[in-house]
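Shown here is one chain on its own, the form predicted alone, set out as structure tokens.
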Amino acid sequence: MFGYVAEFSSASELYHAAEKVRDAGFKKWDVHTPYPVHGIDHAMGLGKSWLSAVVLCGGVLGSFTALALQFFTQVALYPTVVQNKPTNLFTLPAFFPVTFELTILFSAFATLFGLLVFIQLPRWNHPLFESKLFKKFSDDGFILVIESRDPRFKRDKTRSFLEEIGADEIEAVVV
């Protein structure tokens, strides 16, 4: 069994249900809505994403890579004297354009690959794709999914909990 898919009739009901699921101590669960719901991340108890730290590391790596490549090639390996200007650290302003571009490039790559790692993609198939309730979230459904791998998940108790918090329809998703 993968878990339970529960449908709620409105965004506000889903919001309050998310608060109750968070307060009950569930960890492996998610909500799916046809449009962004303001404050749902707070209701779910989500903290700050680690993606910004990954992007920062990518940007710093890009900056250091650009500076190292430029200094190595233009100062150490093959000093290029242009208009009698020094070939040392004082030529740093000449290196800004390439440094800026590689900082942006490495940040973009860090964003892309970090996001793919965090959301565990590519995943060609997911058990939720077989759920008839889950298919409604992209149109008019407000869906809450609790996975069976959650430590607090108990088949009967979790179903009755979803009924208590106001789920209109509940479906068990079997792998």
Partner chain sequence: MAGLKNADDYANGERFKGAGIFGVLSLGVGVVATVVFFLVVILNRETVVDLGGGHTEAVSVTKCLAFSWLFAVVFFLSIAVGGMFWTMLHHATNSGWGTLVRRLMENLGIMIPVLLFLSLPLVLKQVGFRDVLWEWFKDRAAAEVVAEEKAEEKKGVYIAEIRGKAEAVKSEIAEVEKIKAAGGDITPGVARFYDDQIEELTEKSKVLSAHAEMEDEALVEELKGKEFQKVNALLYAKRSYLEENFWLLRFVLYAVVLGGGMYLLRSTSLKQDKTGDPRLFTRMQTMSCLILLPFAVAWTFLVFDWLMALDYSWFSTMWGVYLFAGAALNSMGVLVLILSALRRAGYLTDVITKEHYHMMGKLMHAFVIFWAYIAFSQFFLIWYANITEETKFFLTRNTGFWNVYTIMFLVIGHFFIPFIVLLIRYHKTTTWIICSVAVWNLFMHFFDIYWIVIAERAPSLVAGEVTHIPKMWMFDLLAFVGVGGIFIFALLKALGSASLFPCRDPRLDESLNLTN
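Rigid core (definition): largest C-alpha set, two forms, superposition within 1.5 Å. Since we're looking at a predicted model, the values are computed, not measured. Numbering follows the first chain given and starts at 1.
One more form of this protein exists, namely the form predicted in complex with its partner chain; it is left out here, but the text below deals with it.
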>> Is it the case that Pro97, even though its partner is missing from this view, gets within 4.5 Å of its partner chain in the model of the complex, heavy atoms only?
In response: yes
>> in the model of the complex, is there a heavy atom of its partner chain that lies within 4.5 Å of any heavy atom of His38, even though the partner is absent here?
In response: yes
> Any of the heavy atoms of Arg152 lying within 4.5 Å of its partner chain in the model of the complex?
Replying inline: no
> Even though its partner chain is not shown here, does Phe161 get within 4.5 Å of it in the model of the complex, heavy atoms only?
Replying inline: no
> Even though the chain is shown alone, can you say which residues of 14-30 have a heavy atom within 4.5 Å of its partner chain in the model of the complex?
Replying inline: Tyr15, His16
> By the 2 angstroms cut-off, has the C-alpha of Leu89 moved between this form and the one not shown once the rigid core is superposed?
Replying inline: no
